[in-house]
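Only one chain is included here, represented as structure tokens and corresponding to the form predicted alone.
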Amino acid sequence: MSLKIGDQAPNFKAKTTVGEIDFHQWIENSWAILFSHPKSFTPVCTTELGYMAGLKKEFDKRNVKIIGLSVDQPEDQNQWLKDIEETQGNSVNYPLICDTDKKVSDLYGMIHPNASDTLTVRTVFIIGPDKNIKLMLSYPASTGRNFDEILRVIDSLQLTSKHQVATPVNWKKGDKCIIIPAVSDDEAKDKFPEGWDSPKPYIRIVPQPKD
């Protein structure tokens, strides 16, 4: 299956470190991040899972649930969690899917045969409350992800889902935004009565809308 942004995230049932879940039921009305890592007891994965645990409070504030995935056995994961807490200073406080049969990995296209035909690459899916895929990223096994960037993308996605704006290059929460082209100038006058800066007719810059 070749998933694309806008597709519904496939549902599945799977064993995790906190018990069996039905993925869509687990998401409920939240946003969700599903991310795979190649293998337990590997150095880059250890840093990633520990750092993600440290960010969990920030994701909680944004109504975002986190779930990881590995093709390792559950007993391997449980031992590894102790190593992560010891070396990274954070206890893994979110579930990990034990995808030993690779059903979820195959469903989401997380195994790239030209990289490895047995292990997942570092894939990230951001999924909205509507269960549709909002973002897809894949990294090679040798490169750790920037989860601060994932948090930034969540801020952008949540903002742009509520307001008719887009976020420009290197945008961070609180920065100015851009009115989307689909909004006419007449409509924009109603939505943004304080006006906008317009270096070109197709670029209309406004302060970040308030929630």
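Because the structure is a prediction, the values reported are computed rather than measured. The first residue of the shown sequence is 1; numbering continues from there.
Just so it is clear, the following notes concern the form predicted in complex with a small molecule, a form of the same protein that is not shown.
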Using a 4.5 Å heavy atom cut-off, which stretch among 37 to 45, 150 to 158, 53 to 61, 24 to 32 contacts the small molecule in the predicted bound form? 37 to 45
Does any heavy atom of residue 141 come within 4.5 Å of a heavy atom of the small molecule in the predicted bound form? yes
In the predicted bound form, does residue 134 come within 4.5 Å of the small molecule, counting heavy atoms only? no
